[in-house]
Every structure is written in structure tokens, then in C-alpha cells.
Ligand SMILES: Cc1cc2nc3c(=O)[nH]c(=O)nc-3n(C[C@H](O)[C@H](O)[C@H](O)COP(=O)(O)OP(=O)(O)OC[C@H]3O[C@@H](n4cnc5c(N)ncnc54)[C@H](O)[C@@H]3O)c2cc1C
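Starting off, we have a lone chain in the form predicted on its own, written out as C-alpha cells.
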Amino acid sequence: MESSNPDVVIIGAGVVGATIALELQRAGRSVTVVDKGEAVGGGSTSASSALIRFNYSTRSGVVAAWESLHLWKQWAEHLGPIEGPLVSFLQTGMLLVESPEFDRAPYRKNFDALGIDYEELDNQALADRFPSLETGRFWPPVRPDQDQFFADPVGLTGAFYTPQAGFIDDPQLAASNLMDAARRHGTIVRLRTEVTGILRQGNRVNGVTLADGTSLTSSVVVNAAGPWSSQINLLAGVGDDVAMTPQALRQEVHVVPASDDFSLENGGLMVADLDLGFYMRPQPGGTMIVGGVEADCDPKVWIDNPDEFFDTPTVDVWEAQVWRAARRLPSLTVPNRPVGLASLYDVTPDWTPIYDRTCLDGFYLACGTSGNQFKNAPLIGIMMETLITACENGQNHDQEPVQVACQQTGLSLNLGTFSRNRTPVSSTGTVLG
């Protein structure tokens, strides 16, 4: 029988909520996950491009991604025995095509310290290694309705290549795998269940109220609600306590036929192109997905109500993203109509997630994760379980940041990097972090 007073309530059944449920349940806490959606991983998770890469500007960002790679590569062992198919990690390598004056130094420093393979490619090396790509510089990114969009490239570009990067072949299945493992340990999942209030007892969280008029009593509540996370923070009365406030941002990802010389079967790899303002990766079945990296010329569409947004791809964004990809990959065939999807990112001002406690005791945040944190999904649960256990045992995380021991790599991860009230992290200012 389902308990109305679990140890922990997690709001959100995406990949983040699922991994947290698994690790808290493994640690001996009873967990109930609630989500207003129809399926585990059916929101932003299902729209993820599922890139596994390591190029972050902070050591903590790189450590988290590097540790997570090792967990993805031994996915069955990480989950334990569950029924049904499992996701696969497909190693393709990733090419970061740089904008002018791009600073490689933080990458080199962290990669050298952590033993991550990389190659610095000048223009000639780039052309020799990847002859299908145009190696000229197009900077700055412009939209296709501007004349200079079709101008010849001026000068030469360079790139930073990480051969161990890749992607997960089914992001929604990854969330389902994690939740199935959590259920095996006892987690209860309630879909089509909307949270309408956060219960308090003094300065302590005391559970959640639901749209059907019932409530779940709990001394720990985790906000993993993705694009709805800021709304949940307001319900909890902690909005003013979160300086790095997440916002919902509309994003489009498009699908195009893969050119023969750059398909997954013929050595196609992931490309993140800051010079032109797009990213692309091949996928099984002879197609390729293309998305944007928040170029200055592209308007950002912020969404006040995540329940109401235009969820089909548009011609103007399609042209901006896919035509840019065709400039870098001239063999790419551009269809005459948009094919793809639109979804929502949950992002902070510096594109770094929040994994933190709040001023309301027992109310924890796993927010601002959309866009670049899918790759860390296996580790996020471990991070949040470590954080919650430390704080519930009296550690003042705001003054003494919790450290996570990464079992696969032997590294230590400082969770203070992901504080709700941090100084903004220096980054690319895009989804790349």
C-alpha cells in the first residue's frame, strides 16, 4: 500500500528526479515521485539531445561529466537488475569549433589534470582530419535573412577535439531505466499528479499538497520539476532565496537526413560550432539532429507559463539552425520543411545547474538542469543523496560545501560550485556551459 508519509517527496519524474529517487531509495529512505505529466521522462528529458561531453569551464563541471561517463559505460551495473531494454552509450567524439579569441586554457588545464584525452586542431589539421567540413571562419553568427549569411568565409578556424565524447541513444528510456531501478528498491511513482502547495511546519518543509485535495507528508522535498522549478520555488516561499533563478526557455531541435560522408555509420561525430552558432550530431537510422547554441543574433523565447507554449518547430528557427549546419557541412541536404520538436529548457543565468539546499529546511533544489545536464544524470542522484544526508545530519552546506567522492574516477566534486547563490560561473554563455 502506498504511504501518505514517505521520507522524501520528489517533484518531477524526468531523468533528474529518477536518478535522485534511485539513490535516496538505495540509501534507505522511502521515496514518492510526483509528476503532472503522463510518462516518466516525458517532458524535457524526452527532447534532450543526450550529449555526453566534458568541455566545461569549471573543474567541478568537468569532474561531474567525466565521472558520469564511466557510469554510463557500465549502465547495467549502475542500475542493478531490471527488466527490459537498456540505453546504450555511442562514442563518436566531439568537435568544438571555436569562435575568435576563444580561450582553450581552462579546458586544457582541467583535461590535463584529470587525464582526459583531447586534440587541438589548427585549420590544416582540421581539414585533414575531417575533410567533409568547411574549415573557414564565418564569425559572427547571423540569420539567413541577412545578406552576409551567404558570404564566403573569411579566414581560418580551429577546433578542440575530444575523442571520448558521444551520446545516449534514447534519453527517455534512460529516465525509465533509472526509475525502474528506483521502483525495484521501493520508490512509488505518481504520474498525472500536480503539486499545488508546499506544506511547512515552522521553518521546516512538511510535505506537499496535490491538485486532488490530498497531501503527502514528508520532512524532505526535492524540487526536480524542470521548467516548472521556479513555480515550485514560489510555492515553497524560497524564490527570494535563489539568486540564480531558473527560467523556462523555448528550444527547437531539428532532424535532417545525414549526408553519406558524415553519418553515424561513416564516422560522423558531434559538432558544437560557436563560430556559426549551432550544434549537430548523427544518430542511428541515417539522420542527424541540429540545434542552436544561443547565438547573439537569435532571439531567446522565455516562457512565463510552461503549460502554455508553441510546441512545434518553426520555419525561421529551422532555417537559422539547419542552414548554418549546411554551411559547415556542405554535403548536408536541407529538406524544404521543418522536422523536429520544440520543448523547454530550465536554465539559470550562467547555464550552470543548482544542486543545493534552501532557507526552508528540508527543501532541496535540483534545478536549472535542462540543456546540458543530461550527461550527468547517473551522478546527480549520488550528488543529491550526499548533499541531503549531510545537511539532514547538521552540516551547514552554505558555509562548508559538501564534497562528493566520485567512486569511478577517484576524484572529489565540490557541490559549492552549484550553489543557488553562487557568483555567476564564467562560461560560454550558452547551453555548452
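Heads up: residue numbers just count along the shown sequence, starting at 1. Keep in mind that this is a model prediction, so the values were computed, not measured.
What comes next is about the form predicted in complex with the named molecule, which does not appear here.
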Name the residue from 402, 406, 47, 27 that puts a heavy atom within 4.5 Å of the named molecule in the predicted bound form.
47
None of 242, 288, 344, 181 but one has a heavy atom within 4.5 Å of the named molecule in the predicted bound form; the exception is 344
Choose one stretch from 357 to 365, 193 to 201, 87 to 95, 140 to 148: the one whose residues place a heavy atom within 4.5 angstroms of the named molecule in the predicted bound form.
193 to 201
How about residue 21 - does it come within 4.5 Å of the named molecule in the predicted bound form, if we only consider non-hydrogen atoms?
no
Would residue 279 count as a contact of the named molecule in the predicted bound form, using a 4.5 angstroms cut-off between non-hydrogen atoms?
yes
Decide whether residue 253 counts as a contact residue for the named molecule in the predicted bound form under a heavy atom distance cut-off of 4.5 Å.
yes
Contact label in the predicted bound form: residue 43 to the named molecule, heavy atom within 4.5 Å
yes
Members of 362 to 385 lying within 4.5 angstroms of the named molecule, judged by heavy atom, in the predicted bound form:
369, 371, 372, 373, 374, 375
